[in-house]
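Before any questions on binding or motion, here is one chain by itself as structure tokens, the form predicted alone.
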Amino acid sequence: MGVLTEEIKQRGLEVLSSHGNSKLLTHLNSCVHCGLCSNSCVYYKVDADEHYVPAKKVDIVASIYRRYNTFLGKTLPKLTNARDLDETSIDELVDLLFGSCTMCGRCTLHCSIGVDIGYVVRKGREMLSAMGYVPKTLQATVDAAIETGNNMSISTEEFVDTLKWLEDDLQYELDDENANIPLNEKSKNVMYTLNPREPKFFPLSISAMAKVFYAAKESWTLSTEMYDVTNYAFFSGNMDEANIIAQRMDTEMKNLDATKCVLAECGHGSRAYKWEGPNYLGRKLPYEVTTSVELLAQYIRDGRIKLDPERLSEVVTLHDPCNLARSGGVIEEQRYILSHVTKNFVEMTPHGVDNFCCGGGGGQLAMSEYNERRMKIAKVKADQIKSTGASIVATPCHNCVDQLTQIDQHYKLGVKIMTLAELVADALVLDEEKK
């Protein structure tokens, strides 16, 4: 990462200096070391080493804060367990905050006094980012989004070609030349977004949502300029880059004069724009922002789409994405949808806000440096899935889809991973069928 100079160190310390940040100070000074957070963490559950206790993440960030921002920390650092921000502490910070945390927020949920451990981890990552200590693979993902408009560097030509053959297939399946995947059309009700993993690896999930829009008779469009729902700067801690990505989405919404921004099935992408976007941009968004999960549920409630739950005989279970359920409060919508696509739904234990992370969050999927550790903690999710006896695992997040697919292969579960849009599309009863 280069030599740690005084100038670089000061950039990091500036992030932790108070400047009226009472929230940070409160959470840095509130941990009572009760240990209740330990068993909430998937890292600690598979390796009961104190290194993985979430409170340790708070401790190391707090120790650096004390060293440079308190009288005793400056004069008698050993007395207050204050640590210097040096190469040794930075190495530990990187391993703890990036390599040993999915930012799932489960530890915060289980904290006996409400310390927001996830927030402290984010501030710690922000400090490391300011100094240039983001793991290279994660930063490369952010760089790709900044430089090309999407995190997988998909060219516009490749993107349009993919959508064209998907549209041809859709028209053939529905036997209707009016079934389309509109691009860059102005004044539509919905501007839909995608996770770049869809056009690259999971194109049929795009077809599934297009089929749902067709059935709902939705006025919608995709943008070739900005369609990437993800914002990996949310994970890297670079607020300037997070702002750039969020600003592009906002700009394209205005350019296309769309009424509603619908965020594709992506947990962190939904959080980064719907809930964090206004913070990045410093203002309220002047249009409605919703997730595709909420939209699908609304279509069913309003009778805009009809589903046949008898078509699916396999047992289905649900993985709740951390950022969507625990952080975003989108919990009942996915269950409402599943109740209309299957009669064989089985919950994981635990589930909902208490569900365990699949192991792919926090940028872990992008950080190949920690692949072995990522698949090790995935055993918690593998055991959850096995216990349900399900043959299909539904999840409204493409990052989770990727991680769960790898879990299926690694732990030989023999299950199928599907998005909600795919399940809904398969259960659709179209007008011609009703006739």
Partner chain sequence: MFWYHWMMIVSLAISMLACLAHIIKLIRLGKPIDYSQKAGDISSAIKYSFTKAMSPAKKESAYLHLPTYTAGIIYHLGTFLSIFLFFMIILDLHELLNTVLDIVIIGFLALSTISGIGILIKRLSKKTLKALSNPDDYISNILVNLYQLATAYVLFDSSAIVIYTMITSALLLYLPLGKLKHAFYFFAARYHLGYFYGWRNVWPISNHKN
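Residue numbers count along the first chain shown, from 1. These numbers were taken from a predicted model, which means no experiment stands behind them.
Just so it is clear, the following notes concern the form predicted together with its partner chain, a form of the same protein that is not shown.
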Can you work out which of E332, E177, E157, E87 has a heavy atom no more than 4.5 Å from its partner chain in the predicted bound form?
E332
Its partner chain: the contacting residue among K211, R83, R326, K123 in the predicted bound form [heavy atom, 4.5 Å]
R326
Could you tell me which of 217-225, 298-306, 282-290, 255-263 sits within 4.5 Å of its partner chain in the predicted bound form, going by non-hydrogen atoms?
282-290
Answer yes if any heavy atom of G105 is within 4.5 Å of a heavy atom of its partner chain in the predicted bound form; otherwise answer no.
yes
Hey, in the predicted bound form, is L109 touching its partner chain, heavy atoms inside 4.5 Å?
yes
Taking any heavy atom pair closer than or equal to 4.5 Å as contact, tell me whether L25 reaches its partner chain in the predicted bound form.
yes
Does the 4.5 Å heavy atom contact test between V53 and its partner chain in the predicted bound form come out positive?
yes
Could you pull out the residues of 246-267 that have any heavy atom within 4.5 Å of its partner chain in the predicted bound form?
none
